[in-house]
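To begin, one chain is listed below as structure tokens, in the form predicted alone.
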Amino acid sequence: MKRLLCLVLSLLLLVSSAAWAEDALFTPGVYEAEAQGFGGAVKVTVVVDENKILAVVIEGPAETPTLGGVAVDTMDDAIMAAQTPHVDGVSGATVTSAAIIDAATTALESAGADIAVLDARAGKLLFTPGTYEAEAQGFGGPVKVTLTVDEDEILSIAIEGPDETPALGGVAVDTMDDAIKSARTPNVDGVSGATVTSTAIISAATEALKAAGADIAVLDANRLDTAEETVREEKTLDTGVVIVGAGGAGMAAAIMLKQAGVDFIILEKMPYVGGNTTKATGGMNAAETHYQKEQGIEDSVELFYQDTMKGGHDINDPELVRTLAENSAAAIDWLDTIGADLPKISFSGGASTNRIHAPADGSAVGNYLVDKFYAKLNEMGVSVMLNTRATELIMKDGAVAGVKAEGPDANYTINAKAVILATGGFGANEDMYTQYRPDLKGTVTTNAPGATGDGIVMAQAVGAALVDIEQIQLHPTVEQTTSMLITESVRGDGAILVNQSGHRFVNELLTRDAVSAAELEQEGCYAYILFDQHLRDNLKAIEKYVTNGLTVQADTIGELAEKLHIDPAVLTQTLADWNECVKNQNDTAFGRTTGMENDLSTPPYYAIQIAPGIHHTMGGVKINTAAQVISTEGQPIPGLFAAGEVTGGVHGGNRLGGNAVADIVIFGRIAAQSAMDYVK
């Protein structure tokens, strides 16, 4: 009778198998397997459709009827009822019961089944009820996840990451709790651009759930997908100005527009604000500032101009560079007014004097400014349309009249009198930058994931000219496994570079292109940046390198050398020679004259292995000093303005450290003023 039932059902399955779907539990059909019972081979045949075990036939003719035979006669119904092979065996028939379970398991696996999924569906408890917590290392510090579960559900989840940057890792902290709770598994998508923090959250949530008795494979197999198909709405919005991009330039422009009472909308394609500005680590160049005067630092607008032109190999647009230098002190003053003061001044490569302005504690300038800008926008009641990507500029009667954009659940037509492009560069788009620099294929990048050149493409589509597009900068101090940039301030405050042989090989504070080129000539095309405890104590930015395990540390230079596989005698002598140079204020080997205020003599000592990485795309949309976008015919495109890394001409063939932040603040403000004047 069972054989007949199996045959009938198999015929039915031949008809129904066309309905099989990729997410089904089984591939419909008839499957069989054998295992060794107590008396001989035990054969199990199963019949399944997409989601159910329809029949189970067990054959064990050599089994003793009153022992193994009982298992043969009864366990088919148990497997059918539980819909899993993992059922209780028959007492006294352990060997035969185990053989039946093994054979049924093999047969169902042949049908494509995940046995863990079947077990979970059989009603086994997913969790041991209670509250559990675990920690993992995030980008800024420890991330703690606390979960409360009952037998089948994650009832609540709390994520704490007080040291994470609000606009990056903080986004993961604020959003991934709902994702994990909804999916009922820790393995959810992280936040793009906050990989380290996202990974830490997933790791901590995984450990907490394991402590709750969860089988993560079962949770993954039973992942709840709450996303529903929705019909995208078509929405039309009207405003005065559209700002595309909520990085440093876009937010600076937004603050200006809001302060002036101009109606505007700001779009950001990523789920957080900041863009490439979050990657800025050093500071902002500015000349003749009140901070310089208060600290007795001699500088001038003309010297700033000359340094920038020289650093850019004199292919910069002189008028744009002049505008940058002349407006830099006023930009510092403006930052003061919104609580984003930058009083700490140090030296950066290519500058003739101490000019790069940073937060008082020496923390990374990018995250600092992003936090200050975003807080100011929130204070003023400005909402950023996150996860909303501009796709096209709207043209009307030869002028830009808005943008088209795609949001999470709607397509937008945004009509506006003016548009400010602040979309950043294209250093995270290998397909794009290798069009202009095929030699850079495969090079790591320090860029934020949103830096894909969208604004450049949109501007080109309406006739914008490009300038210096092939000029792409390598930063010399990038940790290659994480693509983390080691701020120029480390060298500016006194660190040195050594190669694998333990020797210095370059003036560490030459322009970035020169230092990068020197590194690429060394054994292995890498170097080590070397500093001491005194430098660490006075530069907060270093803490994240230590926290993230990028540093090698030792109490003596000899011990550090051994850890780096460098001859201790050579590295010891190199450091002694450098300290003598600092003492005499005379670098006899490479002519370094700056960043020599303190020697490296305070243990412990630290080293980070670094090599060049793509850092900045100097080229982009052509603008004039009013931040108007210039067409291929040499005329401003009415209604279109641009600021920041989306533009070209300011930096020429090489950008000086500290000039990108100056660029976004100064030209972000100019773009806002020009857009206001145009609208009025």
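Numbering starts at 1 and runs along the sequence shown. If you're wondering where the values come from, they're calculated on a predicted model, not measured in any experiment.
FYI, the form predicted in complex with a small molecule isn't displayed, but the following is about it.
- This chain is drawn without the small molecule; in the model of the complex, the residue among A390, L600, A364, I610 with a heavy atom within 4.5 Å of it is A390.
- Contact with the small molecule in the model of the complex, defined as a heavy atom within 4.5 Å, holds for exactly one of D468, E268, D532, D513, namely E268.
- Taking the partner from elsewhere, D454 is found to have a heavy atom lying within 4.5 Å of the small molecule in the model of the complex.
- The small molecule in the model of the complex comes within 4.5 Å of a heavy atom belonging to I664.
- Contact between V419 and the small molecule in the model of the complex is not found at the 4.5 Å heavy atom cutoff.
- The closest heavy atom approach of V244 to the small molecule in the model of the complex falls within 4.5 Å.
- Here the chain stands alone, but in the model of the complex its contact with the small molecule, taken as any heavy atom within 4.5 Å, falls in 637-645 among 39-47, 621-629, 637-645, 61-69.
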